[in-house]
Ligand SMILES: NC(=O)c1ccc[n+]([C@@H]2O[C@H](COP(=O)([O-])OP(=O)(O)OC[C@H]3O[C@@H](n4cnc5c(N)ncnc54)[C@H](OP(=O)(O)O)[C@@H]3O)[C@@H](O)[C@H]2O)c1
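Take a look at this single chain in structure tokens; it is the form predicted alone.
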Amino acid sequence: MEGLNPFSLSGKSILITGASSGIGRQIALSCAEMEASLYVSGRNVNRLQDTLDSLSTHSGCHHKLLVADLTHSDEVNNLVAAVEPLDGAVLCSGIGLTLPVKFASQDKFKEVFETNFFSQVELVRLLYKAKKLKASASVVFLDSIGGTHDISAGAIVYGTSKAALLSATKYCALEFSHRLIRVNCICPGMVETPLIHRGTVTEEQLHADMMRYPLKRYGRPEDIAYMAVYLLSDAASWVTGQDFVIDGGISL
């Protein structure tokens, strides 16, 4: 047992959705560094190819690109059919929306729930039903503190989609446990990705918001990726049905 690294992903085959950018891309990079073989999936083939080209390749590791829009049932079915039995899956796809309650019409809920909730749970359901998740596999949903641990004005649509995903995590963990499959979710606060610098708020506003965090910074993609590595590894073999808040203390 000398030299054992319980956080190693060597010999594990892992699917990562939303791997073309942001947190999903970093999770893919970190898992590859820990010697996993990866299926990286997303909608943008060019950005996904860039992720694939950036992955470390250790001896015995094999990486594959799978383009899929998880809101299209035929593409989800094709994705499930394309993967060999998995040791892990990390679901990182998601969209945001800021609207006050009075403008949060049913069509807005449907749009966001389709990406943030229905497509995520449907993919896991199909992977489980097709026995594409090995015994003792680990499933990780990328959730959010929004709607789960931090309630903010204007976030009803996004927040409720994430609250629903947190609830689904616990039901999946319970029902999948007889195959020893673990299901957990990560709930980040604000993370430094290109998405937050797209111009909807000024850099001054971002800095002022950042100063509200007790640790005086936003998260980095690596902060989230390291938790994903832990949950995918054998070090977390007795952890299931949990939500892990990584938010620099903002929800305290």
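Counting begins at 1, following the sequence as shown. As the structure is a prediction and not an experimental result, all values here were calculated from the model.
This next part talks about the form predicted together with the named molecule, which is not shown.
Residues placing heavy atoms within 4.5 Å of the named molecule in the predicted complex fall in a single listed stretch, namely 139-147, out of 139-147, 124-132, 175-183, 97-105.
A single residue from the set Ala225, Met34, Cys61, Ala68 has any heavy atom within 4.5 angstroms of the named molecule in the predicted complex; that residue is Ala68. Contact check for Asn44: a heavy atom falls within 4.5 Å of the named molecule in the predicted complex. Contact annotation for Thr160: none of its heavy atoms lies within 4.5 Å of the named molecule in the predicted complex. At the 4.5 Å threshold, heavy atoms of Leu29 stay clear of the named molecule in the predicted complex, well away from it. With a 4.5 Å cutoff on heavy atoms, Pro194 counts as touching the named molecule in the predicted complex. Residues are counted as partner-facing when one of their heavy atoms sits within 4.5 Å of the named molecule in the predicted complex; in 16-41 these are Gly18, Ala19, Ser20, Ser21, Gly22, Ile23, Gly24, in sequence order.
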